[in-house]
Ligand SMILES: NC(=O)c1ccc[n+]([C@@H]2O[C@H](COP(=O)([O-])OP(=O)(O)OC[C@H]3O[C@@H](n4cnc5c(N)ncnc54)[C@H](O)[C@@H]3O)[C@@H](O)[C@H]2O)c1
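Single chain ahead, written as structure tokens, the form predicted alone.
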């Protein structure tokens, strides 16, 4: 079956290897399936090893041997990430694309700092911030050895408002995007980010009050529908592909027009 985002964009990722964190389920799994449909091989990295294996097995069944590898790593652990990257290089030959998707989110982290324990704040920052640092640095040499590549960080519109611990963590992801775009430019590695808006996923809708979702969709957004996984996947494919090779250090908002600002 053709992935709809691939059909719309028709990127050519033949011969490319993508390392995707948090790819055992949800958005990360959809990113992996779309990149495989576009011709790439994918490394399904997740702290949930059974979920990673299941996702990789599904891609292998559809696209053939050598098109997916499952690896377990907690992105907050530098050594686990290094081991996962080494396994990817050994088994698939290298890395061309990194999608920093793993993160802690939902309502728990969208409350004032004073209402969230320091332990929870640290745990979130270790994943949302240090996870991006660990994975980007671990993949740097492998990507440089292939002549460069593309890093895509998943931020959030919360990072443009920055009024909660989660928002601040995603503001930091936007900052890392600029910092690594500068630091890795000489290795021909582009670094960009995507800020998804309100997504109509089962998890998000279960976590948020219905009246909040309706007001956000109908009054705050300019496009009056909830975001879909394929909206974000299409942006990931664009930033992974040669179509975006004059872009680096940028954050794309895919949020139905909220929030706008100059």
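Note that this is a predicted model, so its numbers are computed, not measured. Positions refer to the first chain, counted from 1.
There is another form of the same protein, the form predicted together with the ligand; it is not shown, and what comes next is about it.
Q: Decide if the three candidate residues 12, 40 and 236 all line the ligand in the predicted bound form, where lining means a heavy atom within 4.5 Å.
A: Judged in the predicted bound form, none of 12, 40 and 236 sits within 4.5 Å of the ligand.
Q: If the cut-off is 4.5 angstroms on heavy atoms, which of these, 134, 177, 150, 156, is the one near the ligand in the predicted bound form?
A: Only one listed residue qualifies here, and that residue is 156.
Q: Name the residue from 142, 102, 92, 171 that puts a heavy atom within 4.5 Å of the ligand in the predicted bound form.
A: Result of the distance check: 102.
Q: Name the stretch, out of 32-40, 45-53, 58-66, 216-224, where some heavy atom lies within 4.5 Å of the ligand in the predicted bound form.
A: Result for this chain: 45-53.
Q: Is residue 96 near the ligand? Define near as a heavy atom within 4.5 Å, in the predicted bound form.
A: Residue-level check for residue 96: no, no contact with the ligand.
Q: Within a 4.5 Å heavy atom cut-off, is residue 88 in contact with the ligand in the predicted bound form?
A: No, residue 88 is distant from the partner.
Q: Can any non-hydrogen atom of residue 25 be found within 4.5 angstroms of the ligand in the predicted bound form?
A: Judged by the heavy-atom cut-off of 4.5 Å, residue 25 is in contact with the ligand in the predicted bound form.
Q: Are any of the heavy atoms in residue 127 no more than 4.5 Å from a heavy atom of the ligand in the predicted bound form?
A: Close contact exists here: in the predicted bound form, residue 127 approaches the ligand to within 4.5 Å, heavy atoms only.
Q: Could you run down 174-200 and flag each residue that has a heavy atom within 4.5 Å of the ligand in the predicted bound form?
A: Those in contact are 196, 197, 199.
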